[in-house]
Structure formats: structure tokens, C-alpha cells
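Shown next as C-alpha cells: one chain only, the form predicted alone.
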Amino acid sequence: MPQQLEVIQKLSVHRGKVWSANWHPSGKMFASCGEDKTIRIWVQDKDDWIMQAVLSDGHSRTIRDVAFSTCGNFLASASFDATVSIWDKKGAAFECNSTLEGHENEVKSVAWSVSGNFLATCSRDKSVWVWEITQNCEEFDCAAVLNLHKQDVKKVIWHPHQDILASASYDNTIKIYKEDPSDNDWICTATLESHNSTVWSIAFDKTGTRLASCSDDCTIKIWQQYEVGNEEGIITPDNEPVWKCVCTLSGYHDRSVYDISWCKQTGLIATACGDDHIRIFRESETSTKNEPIFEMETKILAHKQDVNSVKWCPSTPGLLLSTSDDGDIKLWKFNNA
């Protein structure tokens, strides 16, 4: 019997830790970044993944995160040098056409909104920045600086269908933001509190009405959104949706959980852990909206050191990407997707 999670390729070209890797929207390309201050662009060549380009002139320190725009024509990179670089995809080549400055310290995460109108960044300086994009990514104007977290902000992600932003922090909380249509200011509409240590990463499901979070407290939490006028009768102050923790997965991880990815096609959740393992969770058929049940499908020793990131492919069900402190990138196939 084949393993449920099988490694199909190992890529060992970065020097030092590989912090992150992220898919192009097509699923036929991905970018990786790390301690060696480079971004590597990978493309599929028949059954193999090959390196197409090395981007080495954008940052002076470790690159912590990379993200492709929804249109696929731009790549953003976040660095410990306190800047974000914007790369313009020109065929097989990438050119750095903008450098975004403003954060006072290491930039930890970067994310594009699904509309293509906004870019979000977050930093060790405790702030979340929202950048408004104009003229086909030629200009990035600071639309908001959100200083609502009390500690280092680890992750920013956008809702899959709306310009709604979420951030996760060392202060143990998750915050939800949106633009106030009355004055174009960005406001915090919800603060999610249940973890008792750093929230390392967050991921929306395909609907955007659920959120998964992972933490230094070794747990995963599933959050459910309740709209104004919800049938459950949950009170929604200020006529804003309320998020409730409806499930906690504990006892599965032995160390900090650094990343989480919720597959938009299969509903599978993958986690990256400091115990060098990847775990896959599936929602039970007996699960309900208000009391969901998730079961661990598989657990595998994936890397020789901490697993830093996991990302499900947006186009191929069951294809998973992971990165690690051991310097490797691995591509995995989950056989029961």
C-alpha cells in the first residue's frame, strides 16, 4: 500500500533555511525564498519541477515570504531588511519594479487581495500596512497603517472573495479588517481570542466563512463566521459579523505549529510543525457548522528540521509544497485527496 502522503520531488538549492514557498495561481509555477536572500522561481517540466530563475538583487537580508498576485503577473517579496519588493513577470524573467518602504523592522508576510486592488504587509514593528495598487502595479500608495496588535505580526491573508484582511500575531490574537465605505479608513471589525500563545499562521476555507489558525500553543483552531441576523441568534455588535472558535484540535502536535493551509478544492487542512512533521486533517462526514469535527488522516516525518511552510496547489488536488530549516523544498502527493 502506498503512503497517503508521498514525496514526489526534493529540491535542495537554497543555502540555509527556506522560509516560504507560494504557488502561482495557475499551479504550474511556484516561488521559494529563504535565508540566502534569494527568490527561486520553479516551473513544471513534464513530471519534474525545474528552477527557471534566481532573483538575487531585491533584498539585503533574509527573505521571509513571497506571494503571487491574483492575476499572476506580479510577485511580492517580504524581507528582514524592512522592505517589500514587487517583481514584474516578463515572460520567463522577473524584474524588480518597486520597493515598498515604511516598516520599521523585519517584514514577516505579504499578501495580495483577490480583487487586485490591495497588498497587505506585516512586521515585527507590530503594524499591518494596506497598500492601494494603481496603474497596473506601477504605484503603491499607503492606504492604512494599522497599529492594533500589541506584538510582532506574523501573518496577513485576504478573504478568498472579498477585500477583507486577517492578521495573526505574537500577541496571541487574530484580527479582521475591512475598509469603511463612509470614509475609506480601514477598521478592525473583530479580534479573535482563544490561543494562549503566538498565532503563527491562518488560512481561510474556500467560502471565507471559516478560518483555521495554528499556534505556538501546539493547537489548531477552527473559527466560524456568524453574519448579522444569523439563525443561531448570536449577537453581532456594531452590525459586524462575529467569529467564534467552534473547534480546537489539540494533542496532535508536539511542538509549535508554524503554518497551516486549507485546500480550496478538497477541504483538507495541512500543517507545518516544529517537530519536523506534516499532518493532514479532514473534516468528518458527521461534522456540523457549529460543532465541526476534524480527524487526522496522516502524519509524516517530512524534514530533518522545522517545517516552516505548507501550501496546497491551487489547481492539482492533493499536491502539497513544503519548506524547512533543513534547506529543502519538497513536493508531496496526498493519495486520498
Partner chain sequence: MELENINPNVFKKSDERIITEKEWDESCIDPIDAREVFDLIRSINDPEHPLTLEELHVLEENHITVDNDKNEIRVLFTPTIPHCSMATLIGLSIRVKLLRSLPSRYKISVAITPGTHTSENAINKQLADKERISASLENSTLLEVVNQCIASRSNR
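Values in this document were obtained by computation on a predicted structure and should not be read as measured data. Positions refer to the first chain, counted from 1.
The form predicted in complex with the partner chain exists for this protein as well; it is not shown, and the discussion that follows is about that form.
- For the marked spot (73, 141 and 178), a heavy atom within 4.5 Å of the partner chain in the model of the complex is absent from each of the three residues.
- Checking 103, 221, 253, 154 against the partner chain in the model of the complex, a heavy atom within 4.5 Å turns up for just one residue: 154.
- With the partner omitted here, the residue from 118, 258, 243, 158 that has a non-hydrogen atom within 4.5 angstroms of the partner chain in the model of the complex is 258.
- Although the partner is absent here, residue 204 is not a contact residue: none of its heavy atoms lies within 4.5 angstroms of the partner chain in the model of the complex.
- Not displayed here, the partner chain is approached by residue 19 to within 4.5 Å at the level of heavy atoms in the model of the complex.
- Though the partner is left out of this view, residue 194 does not reach within 4.5 Å of the partner chain in the model of the complex, counting heavy atoms only.
- Proximity of residue 59 to the partner chain in the model of the complex: non-hydrogen atoms within 4.5 Å are absent; the residue sits far from the partner.
- Shown alone, this chain has one stretch from 23-31, 282-290, 269-277, 39-47 that lies within 4.5 Å of the partner chain in the model of the complex by heavy atoms: 269-277.
- Residues from 295-333 that approach the partner chain in the model of the complex with a non-hydrogen atom closer than or equal to 4.5 Å are 305, 306, 308, 325, in the order they occur in the chain.
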